[in-house]
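Look below for two forms of one protein chain, each set out as structure tokens: first structure 1, then structure 2.
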Structure 1
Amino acid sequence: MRIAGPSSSARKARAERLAPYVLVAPAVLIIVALRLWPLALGVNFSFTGDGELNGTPVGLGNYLELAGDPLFHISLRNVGLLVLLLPLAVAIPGLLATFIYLRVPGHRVYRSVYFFPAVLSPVIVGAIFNLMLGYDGPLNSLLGSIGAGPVDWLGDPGIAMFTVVGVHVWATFGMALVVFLAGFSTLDSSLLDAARVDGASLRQSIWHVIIPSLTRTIQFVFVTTMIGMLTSMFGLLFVMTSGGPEGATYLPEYYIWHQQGQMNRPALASAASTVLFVVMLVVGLLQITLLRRAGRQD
């Protein structure tokens, strides 16, 4: 057996030491060039001015303006509202998936009907519901025929945000439903049979058998629904309320678009984007922590 000389073994060692760096370099470069660098540019841009001040550093000026802008406050408050409404948005597909799993009459039809809205674009969904929810629209006529007064679904600042969230949930819960059904397929049916034999009611089987067995699925749906709510409501808002009435349905995304495109304030929009980025970072990290903890329990 030939023993390599000291110089050749050193070279080999160095090559081996460098190899991992060379191998990850393309991925790192892509991330740096296409993700982090633009991000840094955007953040940097948020410290400059707009209009006549274009390009001149204004320090924290844009951030101070955001802090004093009631519209931006509303948009952040609405993010909070979305987080509060999250359990509802998860419970609805969860419950409906349970019914399908328990084979209620017509469950095959329901499975496809529930998924159907998920293939529609938000613009189409928004246009449909604009007609449905108009002040002189069919829903209010229906309410009128049973003696209830008309509700200004999209024109009342206290109601509009709930309306839009409701439509968003309607349009997207099909996807979560599919995930739940996938989770059910891993459920040990003998547990349910045992519960049934022991005389457990429907509520008891859901609470003591189904929910504990589906913890991970539920958590996954929580995370994806949260992301969906925070990042893909723009289309619906744009079509259904344009941020109104009285600015009550602003979300950070809409605010950013509005400042950049309508008010010609790209630097202010960059500042708002940076704030949104930080918010999403915090939410994302919280979710990762949550998932890790859940993973350990299993």
Structure 2
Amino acid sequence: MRIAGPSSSARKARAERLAPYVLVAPAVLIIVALRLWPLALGVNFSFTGDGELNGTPVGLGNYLELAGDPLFHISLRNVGLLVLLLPLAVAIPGLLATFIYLRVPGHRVYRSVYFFPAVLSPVIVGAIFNLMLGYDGPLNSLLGSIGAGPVDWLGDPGIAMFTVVGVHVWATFGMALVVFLAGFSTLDSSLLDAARVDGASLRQSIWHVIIPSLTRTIQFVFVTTMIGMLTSMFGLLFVMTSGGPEGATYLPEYYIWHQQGQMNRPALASAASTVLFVVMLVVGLLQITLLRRAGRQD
């Protein structure tokens, strides 16, 4: 029988060390080729001009133009509004997932019903809510029947953005619900049983047992929900408000499309895309940092 020598053992150890890198390499190459490289090209393009200056370096000219554009200011202000509304957008699927996990009557039906909006196209969702929220639509008719005046849900600059965000939350919280249910599968049910034995209320069980046990799941949902709000609302905005009224529902992604497709300003759109990327990165890192600190305090 042949006994493997030291060189054979060294080769085997080297192969074991390299195996993880070989397995991860295709995914890394795809990310670099389809994500990071286009991102780098976009950042570089943002420092060039449009129109007659196409391809000509203009330094920070595009960014200075963004700093003086009222529509871009509105889009960034709306990003701040999304950050403020984010806890509500996370709390809704979290609470519904909690009730399903606790097996409220009809929980199997609720699971399907809550996820159904997530499979609908944003264009379809926007068209449906355009009909429902129209000035002469069913919702205002219902308000009129109880003596309340009609509300211009999509035409009032002070209300329109809240309306679109509400529709977006309704249309997308099903995915967050599924993530929360997956997180509940890792929850030690004996902790909830012990809390019930000790006389804890539902609110106390959620605050002292469920939330600390699902910290990482909550972090993930916070970050992905924020990314979805910043990058997946174009369809609703286009169908429901077209950025109006008076630009009140502009978000960076809609601003980017407007500059690229309507104004033929691709370099300026690249600059806005770079700003959006930085905003998403900063907000995501801040969210993770704050949630981790809250988790350690608990």
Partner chain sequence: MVAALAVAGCGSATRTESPPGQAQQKQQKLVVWDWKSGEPVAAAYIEQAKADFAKRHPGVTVEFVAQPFDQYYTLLGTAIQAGKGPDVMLFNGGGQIRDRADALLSLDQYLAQDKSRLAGWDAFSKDGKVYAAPVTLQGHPIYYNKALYEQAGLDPAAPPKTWSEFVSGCAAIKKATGAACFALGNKEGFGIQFFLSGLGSGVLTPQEYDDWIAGKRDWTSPGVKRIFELWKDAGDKGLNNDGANSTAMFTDVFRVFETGKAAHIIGLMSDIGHWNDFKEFLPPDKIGVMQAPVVTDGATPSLPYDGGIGYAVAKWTKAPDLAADLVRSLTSTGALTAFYGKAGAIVSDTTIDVSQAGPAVATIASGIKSGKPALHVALSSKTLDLMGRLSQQLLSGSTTVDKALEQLAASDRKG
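For numbering, take structure 1's sequence and count from 1. The term rigid core refers to the maximal set of C-alpha atoms that superpose within 1.5 Å between the two forms. Everything numeric in this text was worked out from a predicted model, so none of it was measured.
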item: Index of the chain form predicted on its own, chosen from the pair; value: 2
item: Large Cα shift (2 Å or above) at Phe234 between the two structures, core-fitted; value: no
item: Residue shift check between the two structures, rigid core fit, Gly247 Cα at least 2 Å; value: no
item: Between the two structures, C-alpha offset at Leu268 (rigid core aligned, Å); value: 2.7
item: Angstrom shift of the Cα atom of Ala13 between the two structures (superposition on rigid core); value: 16.7
